[in-house]
Structures are given as C-alpha cells and as structure tokens.
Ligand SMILES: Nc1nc2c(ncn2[C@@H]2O[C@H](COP(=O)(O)OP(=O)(O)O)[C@@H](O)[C@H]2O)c(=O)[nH]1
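Quick setup: one chain, the form predicted on its own, written in structure tokens, and binding and motion questions come after.
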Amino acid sequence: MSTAHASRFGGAALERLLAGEPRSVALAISEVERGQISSGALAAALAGHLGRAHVIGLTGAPGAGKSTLVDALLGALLARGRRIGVVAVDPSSPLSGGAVLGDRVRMGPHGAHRDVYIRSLASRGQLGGLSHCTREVVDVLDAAGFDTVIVETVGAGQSDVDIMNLADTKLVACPPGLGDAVQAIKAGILEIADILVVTKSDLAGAAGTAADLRQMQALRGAAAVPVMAVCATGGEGVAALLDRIEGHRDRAGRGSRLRHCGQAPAADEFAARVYALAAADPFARALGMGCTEAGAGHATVTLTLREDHLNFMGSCHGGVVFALADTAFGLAANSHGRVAAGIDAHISYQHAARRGQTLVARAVETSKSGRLGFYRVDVTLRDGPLVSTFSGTVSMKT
C-alpha cells in the first residue's frame, strides 16, 4: 500500500468513516476492493472499532430467493430502529469483470433508505461463495457503526461454505422444489446453518421441504437447527425469523470472524462485556435501542424514532429520551465488571426530536470516588443538535 493511500485512510478520513459518513464508507470499500489498502493495514487502522455489528450470513442455491429475503429482513430491521449494511456477492460480468448487480434489483424497496447501505461485490471466480475482499468490506461497515451487516453469498453449492468463518448467525435458504429427501440428507452447506429457512413458503411443497430438513437432522443425529418457513414477498414469517436471528445473536454474541483469526472481539474485554449486557436487555430491545460503541467507562446507544415513541404533540416522548440516556448510563457504569446500581439521576431537555430521526446517547465516566461513580450522557440527533443532557451516580458493588 502506498503512502498516499495510507494517508487517505487515516486522520480526518478515518474519523469520517467511523462517523458513518456514506461517501467515506464508499471510498474505503473501493480502496479495499482495488487492493489499495492491505488487510493488515486495514486491521491496524480499524483496531478497537470492530466486533460491534451483528453479521448475518445468508447462503443457498441460485434461485433460492436470497435477495428477496434480504429485502424483507431490511424492512423488519428498519422497523426495529437498526442501521444495516448489506454486502451482496454477485456473479461477475463476463465483459467487465464487475458485479452483475442482479441482487440489487430485488433490494430496491428498502435500498434507498438512509439507514441502509448496500454494496455489491463481484465474485471474480473466487470459490466458497464470497469475493476476495468480503471480510474486509464487512470490517469497514462494522467500524462505520452499522448495527447489522447482512452478507449474501453468490448462488452457492454444497461445498461453498466460506460464510461460516465470517458470519455470527448463518442462514441457509432452502426453497421447495430443488431436491428430494435424499438430496436433503447430503451434508455440505446445510451443516453450517444456525437457522434453516424454507423460502417461498406459499408454494406447494414448502411443508414437505421443512419436514425433509427436520428428518435430515434426525437421521444424521445432528443437533437440532431451527427450520423456519418464510414468504418474503408477502412478509409471512419474516418477523418470527428475525426474532430467531436476534435470539441466536444474544446467545452466541458478535465478532466471531475476529475470534477465527485470533483478533480480540470489539475493542477489549470492557466493550465485550457491555455488548453482552446490551444484548440481554429486553426493555432496550423492545424500544429498538442498539449499542454501537463501548469501552471502559463509556457506551453509545442509538434509537431511530418510530410512531410509538412519540407523545401527543408529535415529538419524541420525554420518557423515551430518558430511557435511552439511562440505558447508556447503565451500560457504561457496568463496563468494569462490578455491579453498578444507579442511586441518582438528573435530566434536562434542550431540543425536540421527530419521527424518523436517530437519537445518539453517549455516556462517559467523569469521575470516581470510593465506591461511587459519576457519569454524564449527552443525547444528540445524529450529527445534529443536543437534545438532552443527563447526569447520574452509581454505587459500585463487588
């Protein structure tokens, strides 16, 4: 990597990337794809900013309905206040060598949303279902603050299983009509699934396919993997599938690709602890909050406002702002591995927020005294004005 390329990926450019600026994300991915920055240099530049995103891998045979399912999942994730990056691995054009972009056609309905970023990558003959730089592109999106990154493989065969070392939660799409029970018993790609998804469940034979998949697991003596039926075009089963995906995330965690290559997840043990606590908070999940940054004594939590977050005036309910700030406060205070119980809190409000806007609550530890810890939380609109300030005190227990 040349000095010029290295400098473009550092300093202010890196800060813009970490802030999630779309143009900076696109430029960084382009440099990665063209080989203008090495994987080692990228890892060094992004050290301490990885392991926050939940990476969902979706694979399956050509025509299995993967892209349509991705679009349906985008809608469900957006409804829960998530920011989503999508890496779609496409077949290569025989003329240009670039991605054919067939996946993008089916992701049109949600692809233009400001909280969605989609990047197509050409497979360029790479075996395993991914492209040569898929992992590095996922790292860029992770560092840029996306809550969820979906990786859709190119149409895969039974041995195209590289996604297993990249994704935290692996989905295998199994449409009806592409094989019988004997074919289903063949292992290969089905073995890597955390969830088996029977797509196009409105078609005849879907129930039989689901039964075959369950029988396959019984015959092989394999640990039972959930089999979910989904009709992505009509939305049937999508919410239940997403619940199952997020349940797996809560149990298995994030950043598995970093563990596979010996890197520490997230920034450090403090960040890993905070993300685990955030994932185990049902109240925060119900409101649609997501923890996007963490470390020793600090945490950042975001929330995109929905209709049910609003008050009778049509602006964000004060209780929602308090809940967001209090969640960031609690996560930051408990990052040290000691139980931190809140004993005092004060909040002031400076600016109204509206539906569709994203609130960002940044909690930092300001001081400690004996067993007491003192924290400040600033709640802002994303890259916008200050909405609220919050201060809290905790009692630290062993």
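Heads up: residue numbers just count along the shown sequence, starting at 1. Since this is a predicted model, take the numbers as computed values, not measurements.
Omitted from view is the form predicted together with the named molecule, to which the following refers.
For the marked spot (Ala271, Ala361 and Asp378), a heavy atom within 4.5 Å of the named molecule in the model of the complex is absent from each of the three residues. The named molecule is not shown here, but in the model of the complex it comes within 4.5 Å of a heavy atom of Ala61. Contact annotation: Ala278 falls outside 4.5 Å of the named molecule in the model of the complex, judged by heavy atom distances. By the criterion of a heavy atom within 4.5 Å, Asp202 is counted among the residues contacting the named molecule in the model of the complex. Remark: Asn334 does not count among the residues lining the named molecule in the model of the complex, judged by a heavy atom distance of 4.5 Å or less. The partner is absent here, but in the model of the complex a heavy atom of Ala232, alone among Cys316, Met289, Leu141, Ala232, sits within 4.5 Å of the named molecule. The stretch from 363-371, 47-55, 63-71, 345-353 that comes within 4.5 Å of the named molecule in the model of the complex, counting heavy atoms only, is 63-71. Along 316-341, a non-hydrogen atom within 4.5 Å of the named molecule in the model of the complex is carried by no residue at all.
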